[in-house]
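This document starts with one chain, in the form predicted on its own, laid out as structure tokens.
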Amino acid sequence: MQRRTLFKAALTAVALTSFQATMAFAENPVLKIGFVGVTSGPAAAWGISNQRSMETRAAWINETGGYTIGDTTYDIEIVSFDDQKDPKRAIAGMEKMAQEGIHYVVGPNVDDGAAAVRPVAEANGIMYFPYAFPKSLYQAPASNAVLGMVANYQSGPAIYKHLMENEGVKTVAFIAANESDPLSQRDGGVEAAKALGLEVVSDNVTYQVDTTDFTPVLTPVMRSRPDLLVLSGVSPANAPQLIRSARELGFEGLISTETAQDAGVLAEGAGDLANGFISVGGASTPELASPMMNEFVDRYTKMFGEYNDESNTKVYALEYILETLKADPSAIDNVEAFQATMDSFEAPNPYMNGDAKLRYVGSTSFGQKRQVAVPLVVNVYQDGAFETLFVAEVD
């Protein structure tokens, strides 16, 4: 009898401990934030950076007790959906978010996907933060999309002007994949280059995204002998192949893009041939990075075994969503309240040194504040890593 009593007591203690742990874990209600974007295929690095940034920050928040909005402290749960860079799957992903009652979503990562989900987002009261550039997504009457990064028509002119003033660039050629996103970015780049007084010597050469031999594609472009070759909207998988082919054809000029890239992919695919390649980087530099940004990088690296510089930008979307909800807790399930808060919203920027602020911008480009304010950091690749070329701001 004594042994049976002790066994029952032990079981009761274990059950009580388990119950207490469960109650402690479940003490905070859960706030779900969605992610719909590409995490597979040639453009996977863009979406993976988004998802990992969100998961890193959410785990950090939950580990330190949760996030307080109004009188409630929440644990943050990231609900992710891989749209495979397919607009139809992006729609399915946004519908999934609506079914789960999620009102705030990060993504999609490309123009087609961001445009495709707009009707679903607007019909279901979802604010979404795409990494896509069509101005129609952010201009009235559209109101539910917020650009999560610096657009190519903002970064392109800054890059071209810098290279004109510092490298003597006078002629430029553009090459783009035969898809809507890269073609749109090419057209915007051509317009910006001409406005600055650059001579555009080639702007009609395209390639298929599954191309493996870029030599025949680039040969006619090389004949135009540009000072600068722009890889419009190039995916991280295609960039090293294009760079390698251009250099092997004898091109000695500058090569740039307005899309973010992955240093590891460049090192593996192009090696030293990628030295000097210019791209838009993450929204931070060692000088700008605050202790919180450094801790984010450390947590991300420990969590996933590697780090992508682009996550210096991708960390911001979740922070903007949560801080705006904190400014008006009624926006938890009311995106109209969220939109009303955006015009005057301002909070300290925890990821930058100094007195930088989180705020919404975009009035110049879109006529309304539908863009997060992150620094425009332009990088140059050198010997396996990115170095900062210059830093600018966008209104």
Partner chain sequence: MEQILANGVYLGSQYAMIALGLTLIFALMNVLNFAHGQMYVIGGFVTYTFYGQWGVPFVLALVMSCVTLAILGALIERYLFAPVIKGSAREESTMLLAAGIAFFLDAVILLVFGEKQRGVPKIVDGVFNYDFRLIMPYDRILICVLAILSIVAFIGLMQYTKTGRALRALAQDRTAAQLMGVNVDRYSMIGFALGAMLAGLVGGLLVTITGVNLGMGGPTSIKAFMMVMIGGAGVISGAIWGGIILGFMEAIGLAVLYQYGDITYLLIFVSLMIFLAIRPQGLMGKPWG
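Numbering follows the first chain given and starts at 1. Treat the numbers as computed from the prediction; the structure is a model and nothing was measured.
Note that the form predicted together with its partner chain isn't included here; everything after this is about it.
When contacts are defined as a non-hydrogen atom within 4.5 Å, none of Ala140, Ser180 and Glu191 contacts its partner chain in the predicted bound form. Comment: 248 to 256 is the region of 162 to 170, 141 to 149, 248 to 256, 117 to 125 lying near its partner chain in the predicted bound form, near meaning a non-hydrogen atom within 4.5 Å. Although the partner is absent here, Thr39 is a contact residue: one of its heavy atoms lies within 4.5 angstroms of its partner chain in the predicted bound form. By the criterion of a heavy atom within 4.5 Å, Ala337 is excluded from the residues contacting its partner chain in the predicted bound form. Pro291 falls outside the set of residues with a heavy atom inside 4.5 Å of its partner chain in the predicted bound form. By the criterion of a heavy atom within 4.5 Å, Arg244 is counted among the residues contacting its partner chain in the predicted bound form.
For the candidate set Val205, Ala98, Ile78, Val200, a heavy atom within 4.5 Å of its partner chain in the predicted bound form is found for exactly one residue, namely Val205.
With the partner removed from view, the residue among Ala44, Leu358, Ile69, Ala58 that has a non-hydrogen atom within 4.5 Å of its partner chain in the predicted bound form turns out to be Ala44. Contacts of stretch 120 to 146 with its partner chain in the predicted bound form, defined by any heavy atom lying within 4.5 Å, are made by none of its residues.
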